[in-house]
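First comes one chain, alone, set out as structure tokens in the form predicted on its own.
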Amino acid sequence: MTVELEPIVGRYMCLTLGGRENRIYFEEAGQGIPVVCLHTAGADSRQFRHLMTDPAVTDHFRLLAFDLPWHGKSTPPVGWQDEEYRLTTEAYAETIMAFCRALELDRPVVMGCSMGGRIVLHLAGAYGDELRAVIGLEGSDHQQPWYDTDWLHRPDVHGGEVCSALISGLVAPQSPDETRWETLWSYMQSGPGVFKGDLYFYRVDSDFRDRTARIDTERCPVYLLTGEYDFSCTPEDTERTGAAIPGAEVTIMKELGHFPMSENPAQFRRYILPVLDRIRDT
């Protein structure tokens, strides 16, 4: 029997973050311009597996997707059991840039979705000289919360199933059942309190409306792509954000929701490949 191996390779690294050692898992595939991929809240790097097995991408780009501490195959730091996980802008940015610097990536592109699409705006302003471009999927500089986080970490409720139920409506109705449920499965596996801790960043510590206008897209180009069915980061949120950033490119993606790279990879590639081509040609 012949076994076909996917091109994705997984490895671990140790990073000192916030003065503590963290064991970080990451996957990579392809060659060329490095693209660091940031998963959504409460999920992990598996969301990018379809891009990482697409030769149209990997023939020109080296994709790297890591699991944040507490997520996926990355373990929490020692002593985690005595604290409540809360992601902050400072910790999030430190982790991303430490990852890029540890691997000595030459002006990588950073592409993030949802909370990852939010943090790339901060990175473009604060670290633009070190980056080739940022791509914000389902990204905006602020949005009004529409959910109650008290349900996300209770002993009498299955946290993973509540998380997946909460986000299930954010998947576009056109998304195939196979990839819809693949997207929900990663949420069902989220660690206790992790989704809630990520939403601390998203709801409390990441109102970037005071800094988006200062982003220099000549120094670090900004691409914002949002699904038309996303009612969390709405198309209006993204368009408002893009209008505040001189030179930012905004695309509203048809038949896609909040998780474009995992919920409907075939539809998403119609939008992301032209963006990657423009980055490669600059």
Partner chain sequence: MSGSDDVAAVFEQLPERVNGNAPLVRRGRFLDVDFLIGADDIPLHVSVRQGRITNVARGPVLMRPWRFAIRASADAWARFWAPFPEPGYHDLFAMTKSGMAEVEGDLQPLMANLRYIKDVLAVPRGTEPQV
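Worth saying up front: this structure is predicted, and the values here are computed from it rather than measured. Positions refer to the first chain, counted from 1.
Below, we turn to the form predicted together with the partner chain, even though it does not appear here.
Asks: Among 105 to 113, 70 to 78, 172 to 180, 190 to 198, which stretch has residues with heavy atoms no more than 4.5 Å from the partner chain in the model of the complex?
Replies: Of the options, only 172 to 180 has residues within 4.5 Å of the partner.
Asks: Which one, 154, 211, 86, 101, lies within 4.5 Å of the partner chain in the model of the complex by heavy atoms?
Replies: The option sitting close enough to the partner is 154.
Asks: Does residue 228 reach the partner chain in the model of the complex, with heavy atoms at most 4.5 Å apart?
Replies: Taking the distances in the model of the complex, the answer for residue 228 is yes, it comes within 4.5 Å of the partner chain.
Asks: Does the partner chain come within 4.5 Å of any heavy atom of residue 162 in the model of the complex?
Replies: Residue 162: yes, in contact with the partner chain in the model of the complex.
Asks: Contact with the partner chain in the model of the complex for residue 166, defined as at least one heavy atom pair within 4.5 Å: yes or no?
Replies: Although the partner chain is absent here, residue 166 would touch it in the model of the complex, with heavy atoms inside 4.5 Å.
Asks: Any chance residue 232 has a heavy atom within 4.5 Å of the partner chain in the model of the complex?
Replies: So residue 232 counts as contacting the partner chain.
Asks: If you apply a 4.5 angstroms heavy atom cut-off, which residues in 128 to 146 are near the partner chain in the model of the complex?
Replies: Going through 128 to 146 in order - heavy atoms within 4.5 Å of the partner chain in the model of the complex - the hits are 144, 145, 146.
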